[in-house]
Each structure stands twice: as C-alpha cells, then as structure tokens.
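The chain below stands alone and is given as structure tokens, in the form predicted on its own.
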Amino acid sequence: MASLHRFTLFVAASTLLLITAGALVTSTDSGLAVPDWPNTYGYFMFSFPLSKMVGGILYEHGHRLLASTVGILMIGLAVWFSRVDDRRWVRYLAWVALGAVVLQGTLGGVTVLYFLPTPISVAHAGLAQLVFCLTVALALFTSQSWRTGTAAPNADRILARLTIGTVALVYAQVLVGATMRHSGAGLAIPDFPLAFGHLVPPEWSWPVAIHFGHRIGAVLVTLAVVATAGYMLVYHQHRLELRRLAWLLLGLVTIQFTLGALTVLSERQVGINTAHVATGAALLATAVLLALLVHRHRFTDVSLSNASVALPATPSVGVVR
C-alpha cells in the first residue's frame, strides 16, 4: 500500500502540473495554436517533430502530451487500486477519476474543434480541478495515517459546516474565474483595488459583471478561509494535521489574493496569471483535504473505537480545546 500511496502522490503532482500547463496555454492565448485534434498538424500526437514545437505550438502540444501522460498514469492507478485495495468505495473512486480524465481529454478536444467556445472551455477548466481533487483524495485515502487512524461518530458541527462551505465557495470562485478567463474579461476592470476609480463599477456589461463578481468572490473566499482556519486554530489546536492545514489554507489564500491583484496590475503577465490558476487549484485541494479529515468519521474504513482523537462536539463559547 505504501508504493500505491507514493504513486498516487506522483499522479496528483502530475495533475497539478497539467493544470499549470493548461493555464499557460490560456495565458499565452495558445489554445488554437494547434488547430486539429487528436492529431497535431496531421501528425500522430507522439510523433510530432520536436523541431516544430515553437511558440504557441510548444505550449498547446506540450499540454496535450502531458494530458496523455496523465491519462496513462490514471489507467495504471485505477488498475492498481482494483488489484490491491480492499475498500470497494476507494476502488470505485479510482475508476471515477479515470472516467473524469477521459471526459476531460474529450472536452479539451471539443474545445479546439469548436474554436474555444466559452461554456466548453469553462467545463474543461472546472473538471480539471475536480480531477486534481480526486487524485489528492485518493492519496489521502492510501496514507498510513488514514488507514490506521481512529475517529469518533460525532464531530464538531460548526467546523463540519465551515469546511464544506469553504470548499463550495472556492470551487464556485474557480468556475467564475474560468468564465472570466475564457470569455476574455480578465482586464474588463483595468484598475485595482478600485473599479474604474470607484468601489462599484459605474457602468456595467457582461465582462465587467463577471470580473467584478470574481473580485467579490475573492473576498468571500478569503473570509471563509479565515473563519475556518481561525476556528480550527482556536478550538482544535491539539489536532496537528488540522493545524497544519489551517496555516496552509491561510498562506495559500494570501498568495492567491495577491496574485489576483498582480494579474490585473501587470495586465495579465503570463507567469503571474499562470501561477494564479495553479495556486487556486492548490487552495481548492487543501480545502478538500481539510473537509475530508473533518468528516473522517463518516467513512467506513475508519475505526470508531477511540474517541480521544476525534473532533469534539461543538465547543462552548470561550472554551479552548
């Protein structure tokens, strides 16, 4: 199982790299640098000459090669889980992840063939984030701490709701950001932190509305992360794994907010814009990890015998545990 865990971590890291490569394609406007699919200028994907991988072709074709590699890795991962993992729901989740990758690749091809339609491009981006979260979850489920740990049947309901709400807000923000990016609204409001010199845009259009909505979403996500992390650090500071994730969440949301501001101020500089997408994926995955750990008592492979390490019931105000 240790080998499977390490391989799952590798697949998760590869998936994050794939998201970063996809963000680079979008940031450089290279989505149609290769106009055909699944071939590349008539070549079989893996036989395309390296000498021709220049400019936007390098980004788009490189993204395709990386996506194919991740797909192959996911096939191996699903088969490996089927052979060695004794938990049916985990084996099922591995195959769901593989199916999601296949659908993701199909959406990527359709996006090219239909000249980057916004709805399909947004679906492509949103599904990529889900695939990454699935691989991160599988890595957690194969970890030694998950397999041997214990949990009690009752959890802190406030923290349980906070973690679920944070995941929902972050993912909604990811989708709004993808819509903004793929509809060309990234600089619809060219100044920051004001909007055309005002707190609220004086004039409205669809690009302005989606851009301003993304800014509002950034504030809401930041508040949700601060509330969730702060609650954990106050009431569950004895849980090392939760405390670490709380600080990681706070760090990532700070970096993400800063990158969002710099994306506008730098007029969508490629490196900053790409890092903004990748950090958003890391933030979402961290929120998912935290939610899974908080709701750990709901999983059938976890022992319910030891209540001492479990999340206590909703704490009384003023009591620090």
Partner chain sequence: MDVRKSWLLASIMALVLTVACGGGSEAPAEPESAAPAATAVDEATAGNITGTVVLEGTPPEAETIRMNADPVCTQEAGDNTATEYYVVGEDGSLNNVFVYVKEGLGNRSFPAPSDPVVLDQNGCRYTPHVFGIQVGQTLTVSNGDPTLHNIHAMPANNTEFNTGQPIEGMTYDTSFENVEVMVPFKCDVHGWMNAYVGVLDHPYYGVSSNGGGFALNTLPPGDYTIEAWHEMLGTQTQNVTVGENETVEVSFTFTVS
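Numbering follows the first chain given and starts at 1. Since we're looking at a predicted model, the values are computed, not measured.
Keep in mind the form predicted in complex with its partner chain is missing from the figure; the text below concerns it.
> Non-hydrogen atoms within 4.5 angstroms of its partner chain in the predicted complex: do 35, 54 and 115 all have one?
Replying inline: Checking in the predicted complex: 35, 54 and 115 are all within 4.5 Å of its partner chain.
> Does the 4.5 Å heavy atom contact test between residue 29 and its partner chain in the predicted complex come out positive?
Replying inline: Residue 29 belongs to the contact set for its partner chain.
> Is residue 198 close enough to touch its partner chain in the predicted complex, meaning at least one heavy atom pair within 4.5 Å?
Replying inline: Residue-level check for residue 198: no, no contact with its partner chain.
> Does residue 102 reach its partner chain in the predicted complex, with heavy atoms at most 4.5 Å apart?
Replying inline: Result yes; residue 102 sits at the interface with its partner chain in the predicted complex.
> Closest heavy atom of residue 48 to its partner chain in the predicted complex, within 4.5 Å or not?
Replying inline: Heavy-atom contact with its partner chain at 4.5 Å: present for residue 48.
> Looking at 133 to 141, 224 to 232, 118 to 126, 79 to 87, which lies within 4.5 angstroms of its partner chain in the predicted complex, counting heavy atoms?
Replying inline: In the other structure, the partner sits against 79 to 87.
>> To verify the annotation, which of these, 209, 220, 75, 158, has a non-hydrogen atom within 4.5 Å of its partner chain in the predicted complex?
In response: Checked against the cut-off, the match is 75.
>> To verify the annotation, which of these, 250, 242, 189, 98, has a non-hydrogen atom within 4.5 Å of its partner chain in the predicted complex?
In response: Checked against the cut-off, the match is 98.
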